[in-house]
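Quick heads-up: it's one chain on its own, the form predicted alone, in structure tokens.
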């Protein structure tokens, strides 16, 4: 009788372990395949690679032969930085404002600001294109910034809102009771406590903008080429191995940035709220 609980516990651990290993394989497997493919020495995207070489990374870093890719990457980083900056500023203000609301109004405003996460990206991209066309505005970096800003603001709202929910209300009240005004209370008490949530939200917003395809697909043009669209075109036309090299650099950069943000802000805890 004493062996059955032990056998059941062992079976449970085995099943959970196998499911976790399967999930890890599904999540990490494609990343490893892309990294291995980017190191091939052949002229075609092939897995497993026949030989290992850094030739495609060298070609990717060549400012002459990879100029279109560099231009698209520069546009992508510029749009992501501007959109993430705006999203961090306004998303933080919205999260602080929503945290002071109670009842149905607070829930309604929270749902309103989080609605871009529910709306399909392609539907929003098409709607944005039609709307800006009706306003007689042509695709530009400014329109891309606006479009990205709308869809990435919920990431900031989520993390800052989680930080505000963990803030002890007695601290701002104590500051005000000691004679500090609203701005001084925010600057000296509230802002330092929610700063990790703001940083985590800004990081997530930046990464979401870099990776955004639907908005970039509808609002970009030949002059405002974005890196995801450039990579898609390279895959459709020539199956250029530099696509795998670009993916490898993006994976490495994202991994390093995640480690830094986890170290500085506790990114995982901020996402969970």
Partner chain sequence: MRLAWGLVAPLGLAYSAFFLAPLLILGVVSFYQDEAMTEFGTAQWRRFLLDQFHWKVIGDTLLLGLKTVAATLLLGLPLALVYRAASARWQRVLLFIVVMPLLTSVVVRTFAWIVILGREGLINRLVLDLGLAAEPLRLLQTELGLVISLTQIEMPLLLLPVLAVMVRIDPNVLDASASLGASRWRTLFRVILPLAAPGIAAGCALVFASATTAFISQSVIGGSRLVYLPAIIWQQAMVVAHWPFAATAAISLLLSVSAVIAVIATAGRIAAGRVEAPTHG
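Residue numbers count along the first chain shown, from 1. Worth saying up front: this structure is predicted, and the values here are computed from it rather than measured.
Note that the form predicted together with the partner chain isn't included here; everything after this is about it.
By the 4.5 Å heavy atom rule, the three marked residues 77, 170 and 190 all fail to count as contacting the partner chain in the model of the complex. Contact check for residue 69: no non-hydrogen atom falls within 4.5 Å of the partner chain in the model of the complex. Using a 4.5 angstroms threshold between heavy atoms, residue 56 stays clear of the partner chain in the model of the complex. Within this chain, residue 239 lines the site of the partner chain in the model of the complex, having a heavy atom no more than 4.5 Å away.
With a 4.5 Å cutoff on heavy atoms, residue 264 does not count as touching the partner chain in the model of the complex; it lies far away. Contacts of stretch 93 to 123 with the partner chain in the model of the complex, defined by any heavy atom lying within 4.5 Å, are made by 93, 94, 96, 97, 98, 100, 101, 105, 109, 112, 113, 115, 116, 117, 118, 119, 120, 121, 122, 123, listed in sequence order.
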